[in-house]
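In C-alpha cells, the next block holds one chain alone, the form predicted alone.
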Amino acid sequence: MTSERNVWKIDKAGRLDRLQPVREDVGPLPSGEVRVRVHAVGLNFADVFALAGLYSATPEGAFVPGLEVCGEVVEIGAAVAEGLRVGDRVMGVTRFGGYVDQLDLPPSRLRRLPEGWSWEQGAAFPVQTLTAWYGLETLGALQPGQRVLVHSAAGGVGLQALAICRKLGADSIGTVGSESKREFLRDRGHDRVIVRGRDFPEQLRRTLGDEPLHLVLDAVGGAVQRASLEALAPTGRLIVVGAAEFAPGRRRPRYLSSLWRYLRRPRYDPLELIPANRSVMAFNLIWLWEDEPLLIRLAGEIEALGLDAPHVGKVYPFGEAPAALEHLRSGRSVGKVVLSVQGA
C-alpha cells in the first residue's frame, strides 16, 4: 500500500459544505489491527447529522465521517490471531473515519463478504442491518406472527427491517413519503404500505382495522411517532432509531424550524405508559462499536439469518461524496447510497 491515502475530512462540524478531499500520511499498522484497501463506503443519515453538528457522538474538531466500508485485506498486524488473511474480501464498521481509500480496523469489526456480493452491496450491509436487527430483535423482542410498523420503509434500514420481519415470520406494514416509493416496495412484494399524509393517524387506523400493532421501528419522529405509539396494542414497543424531521438543510441546520420541532416533539411520561402497558426505547448504534462482545454476538446472529444482499439504490464515485450526501439528505434516495472508491 502507499504511504498516503485519500480522505474526505471536515475541519469542524456545522456546515456540510466544509467537507473537503485531502491526502494524508499513513502510519505503520497497529499490531492488533488489519489494513483494508477500501473499495466502497456506505453512507448513513448519521453522516449527514454529524457533519451538521447535530449528532451526539460527533467528534470535536476535524474528523472523517463514515461508519462502514467494504474492501480487501492487504496487511495483517503482528498481534492478530488466526482468522483473516491477506486478500480476504471484508465488510466492516468504524466509529467514524470511513470516507477513505485505506483503513485500519480491529478484526472484531470485520466480517467476510458473502460469496457473490459486490463491494457496494458489502458497504451497504453492516450499519443498516445492525440497526434493524438490534431494534427489532434485541430491544423489540420481535416474535413470529407479531405485527410491525416500519417507518421510512424504502430506506436502507427500512428495507433490512422488512427483510428481517419476513425471515422471522412477522407481519410488516411499511410507511413512505411518496407514491413512487410505495410502488418500489410493492414491486419487491410488500403490499401493505402507507404513503404518509396529514391524516396519518386515520390512515394507520384504517390500515390496522381490528388488528393489534405490536412493534414500531421509527426514524421519522414528531406527529408520526406520536400516532404510532398511540396505535400500539398493550405490551407494544416503540423503538426509535432516528429523527428525520430534524434533517439539516443543504448546507447547514435549519435552526429555527428545528427549534420549533424540538419544542413540539413527543414527550412520554412513564406514569402514563404504565397503565397503557407500552414501552418506548431508543438507541444510537455507534455506541455498540465500543461493546466488542455485543457487536460480535449481533454480527453472528445476523450472519445466521442468511439475508440476501441489500438493495443499493445509488452509487457515486468517491470524488463525488458531497453530491452523494446531498442525495441522501434530500430524502429522494431508495435503498442505500454508496461511494465507489475504485480509481480514487
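Here the structure is a predicted model, which is why all the values come from computation and not from measurement. From 1 onward, residues are counted along the sequence shown.
Absent from the display: the form predicted together with a small molecule. The rest refers to it.
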Residue stretch of 202-210, 84-92, 101-109, 171-179 approaching the small molecule in the predicted bound form, non-hydrogen atom distance within 4.5 Å: 171-179
Answer option from Ala227, Val73, Leu113, Ala244, heavy atom within 4.5 Å of the small molecule in the predicted bound form: Ala244
Sole residue of Val157, Leu142, Leu149, Ile164 within 4.5 Å of the small molecule in the predicted bound form, by heavy atom: Val157
Proximity of Ala13 to the small molecule in the predicted bound form, heavy atoms at 4.5 Å: no
Pro322, heavy atom within 4.5 angstroms of the small molecule in the predicted bound form: no
Proximity of Leu285 to the small molecule in the predicted bound form, heavy atoms at 4.5 Å: yes
Heavy atom of Val216 within 4.5 Å of the small molecule in the predicted bound form: no
Triplet Val38, Gly122 and Ser340 all within 4.5 Å of the small molecule in the predicted bound form via a heavy atom: no
